[in-house]
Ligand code: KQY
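The chain below stands alone and is given in C-alpha cells; this is the form predicted alone.
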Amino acid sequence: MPAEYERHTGCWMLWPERPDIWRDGAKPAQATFAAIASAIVSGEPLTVGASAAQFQNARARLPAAVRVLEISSNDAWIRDSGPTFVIDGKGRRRGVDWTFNAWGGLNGGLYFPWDRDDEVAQKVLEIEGSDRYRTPFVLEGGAIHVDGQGTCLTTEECLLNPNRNGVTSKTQVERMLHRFLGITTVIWLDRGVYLDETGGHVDELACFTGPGQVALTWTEDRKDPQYEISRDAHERLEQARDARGRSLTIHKIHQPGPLYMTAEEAAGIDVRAGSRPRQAGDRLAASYINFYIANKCIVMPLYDKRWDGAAMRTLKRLFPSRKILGVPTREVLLGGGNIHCITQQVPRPAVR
C-alpha cells in the first residue's frame, strides 16, 4: 500500500444526505463537502458518488471540475467503506475490498443497515478498472496509516475489538495486514482520540507525514482525558522502529477545543432506529490530524481560532511543497469524522 503522500491519479468522496447523521436535512454538511471538494480538486482530480435522489443536487452544488457519478451507499464515509488501493509486484494498481460492518455491526456499530456501504468498494474498483481483492476481514481505511515502505500504524482499541473480527490476536491481525497491504511492521498504539465513535481509528490520532515522520494529536491539559492517550502514543512511537529500522520523529499538533455539540445542532438531527443517538453536550472527537494529502495541497480542518493557525503552520513545515488549504469543517465533525474520513486516494500505478 503506497503512502498517502505519494502521487495520486485522483480522489473519491461520497455525497452526504441521511438526516439521522447530518443535521437540517444534510444541507449544512453538503455545503461543507462542496467546500472540501473545491479545495481537493485544485490539487488533483476528484470523483464524488451520489445517490440517484441526490445526483442532480450534488452536480449543481459541486464545482464543474468534479466528476459526479451515481452510486448508492448508506452514508458518506468512503475512507471506511471504499477500497484500499495497493500496487502489486508488477506495478499495477489493485484494490482491497474489506468487509464493512458500520464500525462494529450489531455490537456497537453506528447504524443499520450497512449493506450498500459494503458494496461501495466493489463499485469504485469497477469504475477505476482495478482488480479486486475481497476479504472477509473487517477493517476500515481510517484504522490504518502506512508509510509506503512496509510500516503500518494502527490502534489496539480498534483492530483488536471483538466487534470487528471476533476474538483476534495481534499476530492474526498482523498476518492479515501483511497479506493484504504488503507491510512487514505494525506499530501498535493503544487508544484513538477520546470518544471517537469509530472505536479508535488511528487517522484521528496519528499519521505518517513522510518516511520516519509521524504527526500526533496533543494536548498540554493534564486534566483532559486525551492527555494520557496522547502521552501513551508518544511513548510508544518513541520506542518504535519502522520497517527499515528507523526511529520516528514525532510532530505534536495541539488539539482544538475541546468542542461540544450544541442543543441547536442536536435538535436538527433526525432520530432513527438503528442509528447512534446524538445529543446536546456530546464531546466531539476533533483533531487536526484528520487532514487529506492531495498531490498539490493539504486540505485540513479548521475548528478553533485558538489553535487553527498553529496547526496550519506545522503542516506547512511538514509539507513545504504543498499548499495548505483550511476548510471550516464543524458540520463534518458533527457527523462523527472529518476530511480524511470522507476521502479516499487513488494512487498512481507504477506502470500504465
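Predicted model only: the values in this text are computed from it and were never measured. Counting begins at 1, following the sequence as shown.
The protein also exists as the form predicted in complex with ligand KQY; that form is not presented, and the subsequent description refers to it.
- For the options Phe85, Trp98, Trp103, Phe208, the one in contact with ligand KQY in the model of the complex, meaning a heavy atom within 4.5 Å, is Trp103.
- In summary, among the residues Thr198, Ser73, Thr151, Thr217, the only one with a non-hydrogen atom within 4.5 Å of ligand KQY in the model of the complex is Thr198.
- Just one listed stretch, out of 73 to 81, 264 to 272, 228 to 236, 88 to 96, contacts ligand KQY in the model of the complex at the 4.5 Å heavy atom level, and that stretch is 73 to 81.
- At a distance threshold of 4.5 angstroms between non-hydrogen atoms, Leu160 is out of contact with ligand KQY in the model of the complex.
- Looking at Arg191, you'd find every heavy atom of it more than 4.5 angstroms from ligand KQY in the model of the complex.
- Taking the partner from the other structure, ligand KQY in the model of the complex has a heavy atom within 4.5 Å of a heavy atom of Cys341.
- Taking the partner from the other structure, ligand KQY in the model of the complex has no heavy atom within 4.5 Å of any heavy atom of Pro16.
- For the partner-free chain shown, just Gly142 of 127 to 146 comes within 4.5 angstroms of ligand KQY in the model of the complex, judged by any non-hydrogen atom.
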